[in-house]
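Same chain, two forms, each on its own as structure tokens: structure 1, then structure 2.
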Structure 1
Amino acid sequence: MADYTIKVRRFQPESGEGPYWEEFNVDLDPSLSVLDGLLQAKDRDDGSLAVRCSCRAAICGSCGMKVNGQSTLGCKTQIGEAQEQADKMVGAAGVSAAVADSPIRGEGSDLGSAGNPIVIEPMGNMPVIKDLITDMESTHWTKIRRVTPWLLPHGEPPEREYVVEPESMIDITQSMACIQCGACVSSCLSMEADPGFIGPAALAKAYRFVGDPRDAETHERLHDLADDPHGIYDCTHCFSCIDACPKGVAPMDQIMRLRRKAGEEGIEDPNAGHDHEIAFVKVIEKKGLLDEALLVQESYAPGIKGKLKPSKRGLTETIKSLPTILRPLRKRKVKLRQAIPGLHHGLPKEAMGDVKSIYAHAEEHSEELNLYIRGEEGDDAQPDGAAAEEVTND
């Protein structure tokens, strides 16, 4: 048993008052969860403390919340670990509590000192209904329904089961492992800036169908999600959802798979998402290093030098980005040849030959190693040298 202080961001909608912080002292074994701490406070001190919870074992997805600023499940976060985190991250984690109370840590900061409260807040990117209970219907579930979340096979089902690649079922089981807790939505930094973003949970759900060989609307689904300005190309690739997800769904990885599949389907989106990807790949193939100006030009107006068919958006966006290019020129930050697409330096010729041969090989194979399917060899796999030695010893 150990004593902890949990600091909960509370909101009682019928009180007529705004949100406030309340601290509860709880004592429980460090291996028990933050949710156990909340339930103890609720049982002993204040039954009006509202938190959704049910299974206590990270399978029902009810208790999404922020612990020390990190979106997670309350039941999956051990209170002892949460305390360590609170001590380490005091104020440094973007915990709005700490920010609101004391925005600046003084000189000779107490970073690392013990005994800070564990800060518990409702999930982000959702309206709060009461205490830790958020309105998931208007945010999370509306977005889930946006992706047509049911299987759309063609024709009558077979007499027996659909016969499919075993690995394809394992692959989409990663998305099926989603328990709709909303932790990823809570953590999503794209959604913070663009509330319209379809978001990590719904897009992971979309992959569950796109990756399902039984679904017959793959192309239509991908087109829909690529064309939507709040769709697959609106993900800012910040990895927040991967760290927030309690079930290893890795929503961002699923979004990247959707992009890859959209590319394979040859889907040209109006958001320059696919063009940007291709432009990046081509620039590196050409120069081995990034040529920023060439990337910008090729993303908005692919093939401008060759075919001269810039899109309207390509032109407007290029014009919009001109000040951004001109300012560094004025500051002599960037040399003129760097600002003109294609004149930037590249790798030496011999190295470029290496890069080109890699492209030739990889574009032919484009093997995808899905660690969810294959698993990691883990520690039985030795460093290469050691393994080789072992073989010779045998």
Structure 2
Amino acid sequence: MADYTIKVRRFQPESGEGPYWEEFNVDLDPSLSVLDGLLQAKDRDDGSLAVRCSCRAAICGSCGMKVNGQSTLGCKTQIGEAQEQADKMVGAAGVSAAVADSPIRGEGSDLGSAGNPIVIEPMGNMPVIKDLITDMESTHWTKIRRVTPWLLPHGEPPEREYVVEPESMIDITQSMACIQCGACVSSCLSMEADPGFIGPAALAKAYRFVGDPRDAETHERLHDLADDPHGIYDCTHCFSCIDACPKGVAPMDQIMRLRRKAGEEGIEDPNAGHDHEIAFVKVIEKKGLLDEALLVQESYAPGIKGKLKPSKRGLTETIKSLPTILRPLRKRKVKLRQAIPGLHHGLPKEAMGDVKSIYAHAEEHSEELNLYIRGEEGDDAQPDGAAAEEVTND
């Protein structure tokens, strides 16, 4: 047994006061979970401490919370590991502050001591009902319903079940693993900046039906999600949802698959998201570096034809982008020549050879690996006996 201090962010709405922090001392085996620590504090110290939990086996997804600032499941996080993380975070912060304040580089490197509080908070991007319990209905479940999370087959239903080949379901196995814990929603930076964003959990669920061979509304689903300004092109690729997911669903990967399928369907979204992706790839292939001024031009008026005869949409969107272009000029963050399309410098010629080889390799190896099925680093063990598969995107 070991002693730990957990620092919990409390919120008691019946008191009429705002949130506050409270510390509890618990004694547990290091292999037990953070949730066990919370339940011990609730049992021994304060019965009003509110926490949502059920299976305590990382299956139901009820005990989503933030531990040391990271969205996770309380039952999946061992309290010994959480203590190590808390000590590292405090130690690193102390060293950074000491180095910054010290005239001698490296002084204060021994700062930070064991036994720092394990910080526990409710999930982010959701209203807090009480203590660690958040209102998932108003955010998470509303957005899940937004993507029509059920099959929409055409024709008369069969006499029994819809039968499909097992291999045709491999692609969606990863998104089917979601337990709806909301950890990805809690950690999503796009939702923090734009609460209207449909979100990683709902979009991962959307791919579960877009990729299902029994569904007959694939084009309509993709058009709906691409046409929504808060849809698939509102994701900023921050990878936070991938880090937070306790089941390896990798929601951002499912969003990228939705984008890829929308592009294959020829859907022209009003956000110019697909055109922007193509332009980004072309600019990097041409210069090896990102020319943001050229990126704007190629996104809305691609190619020679777009420059000589720009569309109405291209002119409108380019004019809308002018404030974004002028802002760094006014603040002198960029030079004038950098704001003119095509004048931004690129990589040296010898370095461009490496860039070209990367592009060539990507074209020759166009497989998308589903790690949930394949396993990592050649691991032969497969979940639920599933065979290793690769999803090819030609």
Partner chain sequence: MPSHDVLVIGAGLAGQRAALAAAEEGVSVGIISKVHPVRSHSNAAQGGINAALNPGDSWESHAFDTIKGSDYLSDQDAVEIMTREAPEEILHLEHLGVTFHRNEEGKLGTRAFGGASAARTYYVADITGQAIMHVLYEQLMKYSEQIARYEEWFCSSLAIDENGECCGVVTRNVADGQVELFQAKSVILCTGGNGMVWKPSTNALICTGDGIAMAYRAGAKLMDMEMIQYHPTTLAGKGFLITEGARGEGAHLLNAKGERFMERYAPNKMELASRDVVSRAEQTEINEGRGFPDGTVALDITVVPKKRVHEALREIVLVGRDFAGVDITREPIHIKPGNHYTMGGVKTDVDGRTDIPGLYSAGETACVSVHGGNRLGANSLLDTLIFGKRSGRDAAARAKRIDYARASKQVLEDEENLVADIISREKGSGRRISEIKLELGQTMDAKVAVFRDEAGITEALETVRRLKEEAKTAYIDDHGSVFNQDLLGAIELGYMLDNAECTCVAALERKESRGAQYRTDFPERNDTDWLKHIDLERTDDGPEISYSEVTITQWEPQERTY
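Everything numeric here is computed off the predicted structure, so don't read it as measured data. Numbering for residues begins at 1 and runs along the sequence of structure 1. Here the rigid core means the biggest group of C-alpha atoms that line up within 1.5 Å when the two forms are laid on top of each other.
Of the two forms shown, structure 2 is the one predicted on its own, while structure 1 is not. Once the rigid core is overlaid between structures 1 and 2, E161 counts among the residues whose Cα shifts by 2 Å or more. Taking 2 Å as the criterion, V128 does not count as shifted between structures 1 and 2: its C-alpha moves by less than this amount when the rigid core is aligned. P30 is not among the residues whose C-alpha shifts by 2 Å or more between structures 1 and 2 once the rigid core is aligned; its shift stays under 2 Å. Note on A360: its Cα is shifted 7.9 Å between structures 1 and 2, core used for superposition. The Cα position of I319 changes by 3.2 Å between structures 1 and 2 once both are aligned on the rigid core. When the rigid core is fitted, A351 shows a C-alpha shift of 8.7 Å between structures 1 and 2.
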